[in-house]
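First comes one chain, alone, set out as structure tokens in the form predicted alone.
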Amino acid sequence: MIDLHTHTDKSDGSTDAGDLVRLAVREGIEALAIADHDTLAGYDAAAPVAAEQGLELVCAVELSTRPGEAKLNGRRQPSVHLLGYWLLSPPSTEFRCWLESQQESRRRRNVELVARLEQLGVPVSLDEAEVYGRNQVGRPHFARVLCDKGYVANMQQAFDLYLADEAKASVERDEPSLEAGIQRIVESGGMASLAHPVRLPQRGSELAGLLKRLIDVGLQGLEVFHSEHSSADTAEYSELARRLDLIATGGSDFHGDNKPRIRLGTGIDSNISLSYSFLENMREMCAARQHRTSGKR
């Protein structure tokens, strides 16, 4: 069994990177990808523990990007997430430096978010959010503080009222375009895969059209298997990947206590089960494409 989409407390997960590795070993997972949001810090922290435990650790990241048209019908479009996998070589130094600039953008957004919440009469300090997000503070950490202070009944209400893209305290964060995110991953030696397509507004032919456009700028994969995908969703995305010659990727999107329904390796109600051969196939397809690309130069 493998899991190629997990998060640690270096982004919006609740689990320490080393503890995640040890949990994966206990669960019988053979290969694990840590894909924290806009950072490789979780992967870096887990690497020595994985080596000690004999677990294969895959370098990955999940980038937050914006679609080509930032607004649709006057409304801000939600982020589109991209998974980057480095299956054949490590990411470049330039890519790591660029990720740090993304972290700075996130920090600026958090300062503005604190000010907005203060104006709305629900004061929350950055220090309070940092109790939950010590390494990277995001909206889920602010949501937990809003719950703690009794401003909302639960995490979902925190997002609905204050934190979601169109909510009262929403603050836009500088994010790369979807196309620029793909290019950053590819130029650094990675493969780019569109994450959890079920969250996108496009389905059917509209989604196929989007994927074709993204393939032209370097997209190589599509996350076919995900905890939020129904069996019908998985069948649809599997067929799309086959038809468009995209590499199928998959994983649970494990966040620990922050998404308690999702189990490492098996998703929600055991709706995911990926064998090691799945990862081998991803590597083989990446290597073949790299060979074809180098042959054209």
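Since this is a predicted model, take the numbers as computed values, not measurements. All residue numbers are counted from 1 along the displayed sequence.
In what follows, reference is made to the form predicted together with a small molecule, a form of this protein that is not presented.
Contact check for residue 226: no non-hydrogen atom falls within 4.5 Å of the small molecule in the predicted complex.
Interface membership of residue 159, defined by any non-hydrogen atom within 4.5 Å of the small molecule in the predicted complex, is confirmed. In the predicted complex, none of the heavy atoms of residue 215 sits within 4.5 Å of a heavy atom of the small molecule. The small molecule is not drawn, but in the predicted complex it has no heavy atom within 4.5 Å of residue 115. In summary, the region of this chain contacting the small molecule in the predicted complex, judged by heavy atoms within 4.5 Å and restricted to 104-112, 122-130, 89-97, 200-208, corresponds to 104-112. The candidate spot formed by 81, 138 and 164 lies fully in contact with the small molecule in the predicted complex, as each residue has a heavy atom within 4.5 Å of it.
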